[in-house]
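The chain below stands alone and is given in structure tokens; this is the form predicted on its own.
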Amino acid sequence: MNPIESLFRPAVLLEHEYKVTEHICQVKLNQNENPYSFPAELKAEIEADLLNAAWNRYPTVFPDHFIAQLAGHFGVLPENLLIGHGSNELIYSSLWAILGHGEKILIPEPSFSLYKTVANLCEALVVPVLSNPETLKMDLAELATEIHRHQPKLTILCSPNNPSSQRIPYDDLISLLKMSEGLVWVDEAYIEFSENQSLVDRLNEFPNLIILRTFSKAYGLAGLRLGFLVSSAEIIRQLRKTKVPFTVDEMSQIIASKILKRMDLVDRNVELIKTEKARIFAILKDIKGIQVFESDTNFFIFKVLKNPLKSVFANLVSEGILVRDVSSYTNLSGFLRVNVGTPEENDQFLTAIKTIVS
């Protein structure tokens, strides 16, 4: 260990920085983004509001006016909401508030990698529960057994899940909430594409429930970095204490506020993605050389059966198409992930993958 490294906590030295492999490709289908932007006239309205904003002034510590608008949109009270600079910020700040050295956090695997990273930085004890390697689905009985056995302080349930694209059925989530004495964190980043309904309507029944949502996927605002938590007033009050102040900037609030008033556009784009998803799945399942899994999200995960995965990935890049290599995740050796793009982008991907693996 060099002298500089010795000045950092051991938990930090053991972790790696978060990375997304960058390739310059015309067709970018690797980060589960919404492929549709918003009409020019709406952007012009937003531009006028941005020009009138006081760029030289700090935003409020917590964006109270925007919180009130968002609370009305979801039918909750403002004290049930915490907004952050992307859901990733809320994962960091909230897990820091909850977890201490040696305290247990249950995380099904595979799951969004940041949960395990932050848990390790908190020096918490991660209890993994593996999905079925054949279906990639979580088993309710096994989850229940492990929660009962370990009594984790925090349980993470991503439904629908990234990267497996599978959901935990709604009734199973309710069963797990009823039996859990600790906090239950349900990540609903992809809920707008799911067969499940959101748990927001059950908030009052479960004082230990924390729901994470994002503006990056269905709302098409990944470039703004806005995420939010929905929970009991007491939980939100505690999580505010570790939330970094002033991170939700005025520009993001202005843009997101406008989009919330145009949910017709958001809903239209979600339906376009769902329609394309059905078309893509029908084609992918007939391509020999891959095994595609049904998806409850805006992306697909598929296993490369014969060709070397790295070669398939590289050949797609050479065709100007970027997907995500998720083969390092638990139970996902040999898997790639691709999100739904525009019809033209999807056609380019489908043509390329069929040629490459055949």
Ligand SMILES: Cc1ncc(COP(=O)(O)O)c(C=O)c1O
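So that there is no doubt, residue numbering starts at 1 and follows the sequence shown. Values in this document were obtained by computation on a predicted structure and should not be read as measured data.
The protein also exists as the form predicted together with the named molecule; that form is not presented, and the subsequent description refers to it.
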Heavy atom within 4.5 Å of the named molecule in the predicted complex - the one residue of 122, 158, 154, 230 that qualifies: 158
The unique member of 86, 78, 182, 128 whose heavy atoms fall within 4.5 Å of the named molecule in the predicted complex: 86
Per-stretch contact check against the named molecule in the predicted complex, the hit in 158-166, 68-76, 255-263, 197-205 (non-hydrogen atom, 4.5 angstroms): 158-166
4.5 angstroms heavy atom contact with the named molecule in the predicted complex for residue 225: yes
4.5 angstroms heavy atom contact with the named molecule in the predicted complex for residue 112: yes
Proximity of residue 187 to the named molecule in the predicted complex, heavy atoms at 4.5 Å: yes
Close approach of residue 214 to the named molecule in the predicted complex, 4.5 Å, heavy atom: yes
